[in-house]
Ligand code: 5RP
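Listed next as structure tokens is one chain, alone, in the form predicted on its own.
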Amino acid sequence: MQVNIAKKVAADKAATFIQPGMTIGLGTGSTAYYVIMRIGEMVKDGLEIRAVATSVESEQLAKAQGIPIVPFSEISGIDIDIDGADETDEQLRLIKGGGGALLREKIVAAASGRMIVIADESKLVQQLGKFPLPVEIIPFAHELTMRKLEQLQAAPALRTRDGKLFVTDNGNYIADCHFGEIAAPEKLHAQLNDIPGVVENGLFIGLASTLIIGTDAGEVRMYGRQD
């Protein structure tokens, strides 16, 4: 696998915030891959932590690297959640869900004392919306839910993979919504989640506290909380 320098340096920087004894939330996706690999190296070097994963894919990768994965029933909280983003602005408002794990990612982020977002500089935008906004919907009467999304001018399209409808780890569908520029993310978040049949949407508002942007030159820029 060819190393993406920007993603790797962002992941390596995020891993420096991990302290012994912490419970860590592990994100999902191509950028989260690098932080899981880095944490695996740290565990092999003697770091003692516990972790929870936001997807079956991330859980399997973490276990393969020797990272102790524990059931959610055995934790009282999550110290740090480290995850990627499909888009982010400088106010740390995010679009997530390109990997299909947005619901679990949001549950873990909301339960964490701190969410650290890692991304390459292509993901930093002035205004959210160029990346289609994923919305997780239940299969039952999904046609009706799609019509409600259409009424919001979402231009929704059910996600497919290998010619079949994509199904999340939760057994749901993903409607990728093409809003264009999202002028009021907070308002849209509420409008989407008010639709019966919508489980959750990929707008992460008020959850991230630190954003780490990696560059192809191997440098990092940080936004939000930096301690």
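Here the structure is a predicted model, which means the values were calculated and not measured. Note that residue numbering follows the sequence shown and begins at 1.
What follows is about the form predicted together with ligand 5RP, which we do not show.
Q: Find the only residue in 160, 170, 30, 60 having a heavy atom within 4.5 Å of ligand 5RP in the predicted bound form.
A: Answer to the contact question: 30.
**Q.** Proximity to ligand 5RP in the predicted bound form, single hit among 116, 133, 137, 85 (heavy atom within 4.5 Å)
**A.** In short, 85.
Q.
in the predicted bound form, does residue 123 come within 4.5 Å of ligand 5RP, counting heavy atoms only?
A. Output for residue 123 is yes: heavy atoms within 4.5 Å of ligand 5RP.
Q: Report whether the minimum heavy atom distance between residue 98 and ligand 5RP in the predicted bound form is within 4.5 Å.
A: Residue-level check for residue 98: yes, a contact with ligand 5RP.
Q | Proximity to ligand 5RP in the predicted bound form (heavy atom, within 4.5 Å), stretch among 190-198, 35-43, 63-71, 22-30 | A | Contact-bearing stretch, as computed: 22-30.
(Q) Pick out the residues of 132-164 whose heavy atoms come within 4.5 Å of ligand 5RP in the predicted bound form. (A) Heavy-atom contacts to ligand 5RP in the predicted bound form: nothing from 132-164.
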